[in-house]
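Here you'll find one protein chain in two forms, each presented separately as structure tokens under the names structure 1 and structure 2.
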Structure 1
Amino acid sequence: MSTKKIETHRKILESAFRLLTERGYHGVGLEEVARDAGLSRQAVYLHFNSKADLLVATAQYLDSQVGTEEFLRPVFEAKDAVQAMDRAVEAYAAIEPLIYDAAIMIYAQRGFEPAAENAWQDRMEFRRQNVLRGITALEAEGMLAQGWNIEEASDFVWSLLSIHTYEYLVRERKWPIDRFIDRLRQVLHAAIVATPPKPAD
């Protein structure tokens, strides 16, 4: 692809991102996206096969802009699995607001557009693998609470750290982000971290 085409590609994605997140998937037509990017509607079809394709590409573009790895670095550098977990909650709370609009849009379209379903599954699987690593480490350090196994604890934590928990508590219930972080940590500690052996007396 020529430099020019790549540049146009990016312009479409940025117009699409802004308009789609402002007004929702059905709230904007490709006509308007194209106009916003300074192009004809047909030009958009030279870059993306369909509106659904554009949505998915937009979400992936956003992901690349957000730089998830940066946020996750402290997690991997933690001194133990419990600290990693606490840091993961913080990272999660920092990333979620940035990707919320796009993620929810993908989620809402996943029932109708196979491309959106794939994008959603990819994202979920990525997250679940990260959680699985964390829980595996927790278990290896003997800090996974009794009564849990790695698989089920991972599933549960993955579900707890989903975009919907953020939506319910922060967006709907207006929790300040610090409360959100503290409460999630509190729950995770209580529910899946082993209580420390009695201090020797």
Structure 2
Amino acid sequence: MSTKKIETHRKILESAFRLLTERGYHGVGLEEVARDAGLSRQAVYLHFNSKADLLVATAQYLDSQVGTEEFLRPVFEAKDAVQAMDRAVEAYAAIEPLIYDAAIMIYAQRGFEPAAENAWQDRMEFRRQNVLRGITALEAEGMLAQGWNIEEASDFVWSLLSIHTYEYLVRERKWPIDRFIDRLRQVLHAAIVATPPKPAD
């Protein structure tokens, strides 16, 4: 992709993200995105075949804008799977406030609009794959608690680290973010982390 095309692509995504967050999915058309970006409608259609494609791309763009990869870097650099899990909770707590408005907008439309459902599932699959890698590492190191398999443990952690957990506890119940992180870690350690064997006398 040429430099000009990359710049046009970025302009479209920036305008789409701003307008969708402000007005909601139904309040924005491709023509408005084009106008806001200072482009022709045809230019937008050259990059995105439909509003559905644009919504999915906008959700992915949000990850790059909030620095998701940077937030996750300490997770991948952890010395072991338990430390990686602890750091993942910190990353989740840092990312969630930055994506909350857009995520809730997409979630609210997913039952009515296939585009919103596609965007939601795309982002949830991205998140679940990260969790799955962590749980697979935990199991490989012998630190997955007895009674759990990788799939069920991944489902459990993925659901716990959801936008709704953040919404209910931090936004609605006003938990300080440090307490939120500590409680999530405690729950995860108690539920899915194996107790290390006691050293022999």
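All of these numbers come straight from a predicted model, not from anything done at the bench. When a residue number appears, read it as a position in the sequence of structure 1, where counting begins at 1. By rigid core we mean the largest C-alpha set that fits within 1.5 Å across both forms.
- Where the criterion is the form predicted alone, structure 2 meets it and its counterpart does not.
- Once both forms are fitted on their rigid core, the CA atom of residue 145 lies less than 2 Å apart between structures 1 and 2.
- With a cut-off of 2 Å and the rigid core superposed, residue 184 has a Cα displacement that falls short of the cut-off between structures 1 and 2.
- Rigid-body rotation of the smaller part against the larger part between structures 1 and 2 amounts to 21 degrees, from C-alpha fits.
- On core superposition, residue 64 has its C-alpha offset by 2.7 angstrom between structures 1 and 2.
- The two forms line up on their rigid core, and residue 17 then has its Cα shifted by 4.6 Å between structures 1 and 2.
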